[in-house]
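Coming up is one lone chain in structure tokens, specifically the form predicted alone.
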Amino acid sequence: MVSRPNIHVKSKVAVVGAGITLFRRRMLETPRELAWEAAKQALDSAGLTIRDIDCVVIGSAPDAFDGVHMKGEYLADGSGGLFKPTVRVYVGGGTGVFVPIAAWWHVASGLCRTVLAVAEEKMSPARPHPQGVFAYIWDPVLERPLGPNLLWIFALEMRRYMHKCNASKETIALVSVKNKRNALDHPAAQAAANITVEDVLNSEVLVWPVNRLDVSPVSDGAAALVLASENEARRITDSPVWIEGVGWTLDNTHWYNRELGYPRYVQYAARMAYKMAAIERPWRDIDFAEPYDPFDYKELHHIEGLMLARPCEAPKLLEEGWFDRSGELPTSPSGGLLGVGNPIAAAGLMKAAELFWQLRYEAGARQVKKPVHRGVAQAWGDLMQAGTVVVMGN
């Protein structure tokens, strides 16, 4: 028996347009200019102007990256939000997928007929390095005296995953090889490359077992989507992409008290989205996926959290080519964060935009080789804490 959606909405919600800037380090454009460039592309692809938009949803990670306080207000005119109902959402690295989720509920509730969803990030201005921004996220009593940084924490998590799943560095490096190769076909890509496993293993060790090529780059960029109610979507386009399910969760902050080898924050969010989309067997019902991959091991980690593979099964499937663009379940056919780049909030929204382009068969050289009817995008934020998931179908 197929489970039914557990929520009543006033209108189905569709994505009708998408846009993305280049992802680069030290972009010359201001955050406002990046936001507008992505927004204009999304509006143009939908055949709309800003006058056709009822509401605006903005997403961006910490203000400290740009050095701009109250960044939602700052980005409002760049995102087209002046004189329109506008909200900024933020859940750390999960923000990029939470932006279309927030836009979805604005439309599904009947509050807005059309929503412009924009995510922007400019990490380059953070000095001396964007990692310094995260020096203040730690518990001031239990953690900060140790002087941790994110690379240390995720090195611990990667090592735990390797131990629990008997996954080798060589196997995990295949994710970086795959995604950077996929990104060669992406016009916005920052870190596309044709590399080998040996290149990854021989790159600089940051914190063992994390090498430089295991990690996504520091990036600037923006992405945008246009969402519309069912009536508006059918008026705008003959090929809307429907948002079938959304899910999110916020786990506790005590990352050191949980099993690091499995991302339960992703599983909880995925269950919510799958129930809404009436999906009982995601490994069968999902045709392709854009899991969040700021580190190469995180793609495998998140594939399992999305229940697209059993716990500890993803490394074996990766070796068999299961997740290749021509495989049974393509993952990160865009190139992901490892290949396209990682302007935090914009990177997650890029993942959602890739679902739109794939489901409209508009992904060009990135198009997966098999027919696609349903895809899932996911992002993650904070210290193994926030999970955001969106399911789209055509």
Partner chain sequence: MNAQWSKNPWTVYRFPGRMEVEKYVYTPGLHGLEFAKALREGRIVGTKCGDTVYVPPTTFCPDMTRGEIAEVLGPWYVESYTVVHESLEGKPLEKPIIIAVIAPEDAEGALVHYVDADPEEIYIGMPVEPVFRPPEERKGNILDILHFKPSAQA
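Please read all numbers here as calculations on a predicted model, not as lab measurements. Residue numbers count along the first chain shown, from 1.
What follows is about the form predicted together with its partner chain, which we do not show.
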Would Trp208 sit within 4.5 Å of its partner chain in the predicted bound form, counting heavy atoms only? no
Given that its partner chain is not shown alongside this chain, does Arg281 nevertheless sit within 4.5 Å of it in the predicted bound form, heavy atom to heavy atom? no
Lys122, heavy atom within 4.5 angstroms of its partner chain in the predicted bound form: yes
Heavy atom of Gln367 within 4.5 Å of its partner chain in the predicted bound form: no
Please tell me which of Arg235, Arg310, His129, His163 lies within 4.5 Å of its partner chain in the predicted bound form, judged by heavy atoms. His129
Can you work out which of Leu250, Leu151, Val133, Ala193 has a heavy atom no more than 4.5 Å from its partner chain in the predicted bound form? Val133
At 4.5 Å by heavy atoms, is each residue in Ala167, Pro240 and Lys275 next to its partner chain in the predicted bound form? no
Could you tell me which stretch in 134-142, 261-269, 177-185, 93-101 has residues with non-hydrogen atoms within 4.5 Å of its partner chain in the predicted bound form? 134-142
Of the residues spanning 24-39, the ones with some heavy atom within 4.5 Å of its partner chain in the predicted bound form are Met27, Leu28, Glu29, Thr30, Arg32, Glu33, Trp36, Glu37, Ala39
